[in-house]
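Next up: just one chain, as structure tokens, the form predicted on its own.
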């Protein structure tokens, strides 16, 4: 398959793909699959509506991964895809998604990814989704991911949602339904700058007895950017839930954090923490005393904060 240098640059940033890996993979470029291959335990096909993927992972599959990155390089192109992932019982796998946009034009480019993920009984899944935008054009780079996840009895999932840089507008919607003794951990990291806008709306329904859910968010707002973080925990049974949001605000940025706890059972234990503040002066002084410039010291602090 003929990939241009810009394609490989985007794939490297969002999925750490430097060459086409073995195993299950689907790469979508400007609305079309440019490479698709299944593995003995992971089948990648087209869904029933012919508007996205159906990824089926066999029960008991262990130590395997599937790559499903999307790149947009066509000026003014808006992509939309519906993907379904079914992780079979007792499987233990990693799904590496993500979207990168290169836009040198004056027209807006964007991608809407609507994902449904079903993690079957006793299965474990790690899901990594990175978003990135680049290009010298005045057109916006717009990414709007929607993720609906269902965790059946005893299932475990860890979701890492990262916005690296260059995304002008994003609305990130995540909804989860957590079953008996199932566990979900969502980690979100993002930085906005310029006049970028980012909205995160995460809602966990902890429905099963002994279920648990965590939402951990770290963000940095710079320049005149705007961030809104909404996180809701709905405890419908004996369960544990926690929301934690830490943000660094700089320049003229605006950050709004809206945690919501809804207990529908006397046995639900739900907690939240939220903090928004500037870089501590003593951190800067300490690093600058070691010979760093102020800019290097700030960059070091911000990089460490988002790890």
Partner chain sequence: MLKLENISMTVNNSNGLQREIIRDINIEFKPGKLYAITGPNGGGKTTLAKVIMGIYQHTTGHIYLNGEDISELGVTERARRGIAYAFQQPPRFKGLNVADLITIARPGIDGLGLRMKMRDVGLCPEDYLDRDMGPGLSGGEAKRIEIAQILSRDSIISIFDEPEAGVDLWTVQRLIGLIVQKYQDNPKSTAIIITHHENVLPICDEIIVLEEGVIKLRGSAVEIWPLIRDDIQCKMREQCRGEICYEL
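Keep in mind that what you see is a predicted model, and the values were worked out from it rather than measured. Residue numbers count along the first chain shown, from 1.
Separately, the form predicted in complex with the partner chain exists; it is not shown, and the next lines address it.
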Inset, instruction - Using heavy atoms only and a 4.5 Å cut-off, decide whether all three of 157, 188 and 229 touch the partner chain in the model of the complex. - result: no
Inset, instruction - Find out whether any non-hydrogen atom of residue 283 is located within 4.5 angstroms of the partner chain in the model of the complex, and reply yes or no. - result: yes
Inset, instruction - Using a 4.5 Å heavy atom cut-off, state whether residue 305 contacts the partner chain in the model of the complex. - result: yes
Legend entry - the partner chain contact in the model of the complex: residue 64, any heavy atom under 4.5 Å: no
Legend entry - residue 20: touches the partner chain in the model of the complex, heavy atom cutoff 4.5 angstroms: no
Legend entry - in the model of the complex, the one of 222, 124, 181, 218 near the partner chain [non-hydrogen atom within 4.5 angstroms]: 218
Inset, instruction - Sequence order please: the residues of 261 to 292 with a heavy atom within 4.5 Å of the partner chain in the model of the complex. - result: 282, 283, 285, 286, 287, 288, 289, 290, 291, 292
